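What follows is one chain in structure tokens, specifically the form predicted alone.
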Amino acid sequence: MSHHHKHRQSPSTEQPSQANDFDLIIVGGGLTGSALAVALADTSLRIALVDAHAPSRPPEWPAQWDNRVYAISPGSADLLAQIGCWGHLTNDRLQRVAQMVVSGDSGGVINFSAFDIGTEELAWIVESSEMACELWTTVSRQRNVTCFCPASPVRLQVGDAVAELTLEGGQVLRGKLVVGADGRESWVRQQMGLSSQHDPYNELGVVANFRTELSHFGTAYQWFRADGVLAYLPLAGGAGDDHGKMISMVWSAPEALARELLALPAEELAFRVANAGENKLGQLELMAPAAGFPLKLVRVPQVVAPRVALIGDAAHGIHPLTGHGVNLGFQDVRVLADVIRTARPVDDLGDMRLLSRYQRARREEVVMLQSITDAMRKLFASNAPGLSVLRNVGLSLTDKLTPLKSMLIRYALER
């Protein structure tokens, strides 16, 4: 185990065959894949990281902001701090969420405030590319990681003693454990025949960033509407008097409405989004074209097989109702890194007894969060008469039941 694999710039250089022997092969260098590699930086494990392309920032960065943002829970921020990445994120791109206001479609409101439960923030709003680029930079400097990028896997064979991953150019990587961190359409999951149940919502998530007339003061807003779920997430942008006057909007809408929104001219879209959000932040101005992505729930009953483990969206695509998908992924990283780290030198990292510890530790939380978001979505999407009243009474009641409310917040925070 003491053998340190030197980082090679060019994966295509012909090397003696043992150069392609690794302890761990991670397929997918997105947020969870690269975070797992970084979490194992201080071990003597030889790690291979395979991805088709390195992450990049928006074309006119830093003037332009990434449309895709995440609500990073304090638990995930802790993990990123422990592995040495949080402190390197650009400070003026991080927005602390001090409170969250959730509204029903006829008046019910719940206010979540960090102050209520004695924490400094409910979450941090961070651009996807800001985290991805920082993690990738760290990985590419890491002495025990060899990056194969750009590279695409074409075959995965699992043997008794080792797994073999063949890349498009014919190169074969051997490892004790292959981790699939390759997203909700996971190639690794398909190769292993690990079943996945896809539950398409026939909805699109429409995302766009706006300048706002009024300051958001670190408040996130969410509206459960008859036509989907709309969220305003506060962004850290804006200088001087305009500070705090930027948001990222996510509207999970039925496909027909989503396509209609995506086709609107900038001013009309801004008007529609401001109106749907009760003009809470005054007039809106679109900063860059909106984008849409299909929403579906992916349930994966088994996230491990001999020599293979799935993490992140490969293990559980969830509806981005709460922006928590990435936090589940970071918790996968925390648990799997612990399992790998506490393995004894005689243990085989690909052994099912070891891997099932990871699966057991994660199952309960993933199922619980999937069920909660799915149930909330179904409740709010249903047009049955009387449900609107129930929804809003439910919301207002929850606001009065402080213990239940703080449980909900804590649940959201620790994930």
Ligand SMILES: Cc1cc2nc3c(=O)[nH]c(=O)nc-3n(C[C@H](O)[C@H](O)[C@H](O)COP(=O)(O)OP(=O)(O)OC[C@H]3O[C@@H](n4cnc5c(N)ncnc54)[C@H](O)[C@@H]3O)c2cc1C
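From 1 onward, residues are counted along the sequence shown. All values derive from a computational prediction rather than experimental measurement.
The discussion below concerns the form predicted together with this ligand, not included here.
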item: Candidate site S56, C133 and W251: all three near this ligand in the model of the complex by heavy atom within 4.5 Å; value: no
item: Interface membership of F293, this ligand in the model of the complex, 4.5 Å heavy atom rule; value: yes
item: 4.5 Å heavy atom contact, S152 to this ligand in the model of the complex; value: yes
item: 4.5 Å heavy atom contact, E127 and this ligand in the model of the complex; value: no
item: Contact test in the model of the complex: G325 vs this ligand, heavy atoms, 4.5 Å; value: yes
item: In the model of the complex, the residue from P306, G183, G75, G218 that sits within 4.5 Å of this ligand by heavy atoms; value: G183
item: This ligand: the contacting residue among W86, F271, Y201, W187 in the model of the complex [heavy atom, 4.5 Å]; value: W187
item: Proximity to this ligand in the model of the complex (heavy atom, within 4.5 Å), stretch among 23-31, 358-366, 36-44, 344-352; value: 23-31
item: This ligand in the model of the complex - contacting residues of 64-96, heavy atom within 4.5 Å; value: R68, V69, Y70
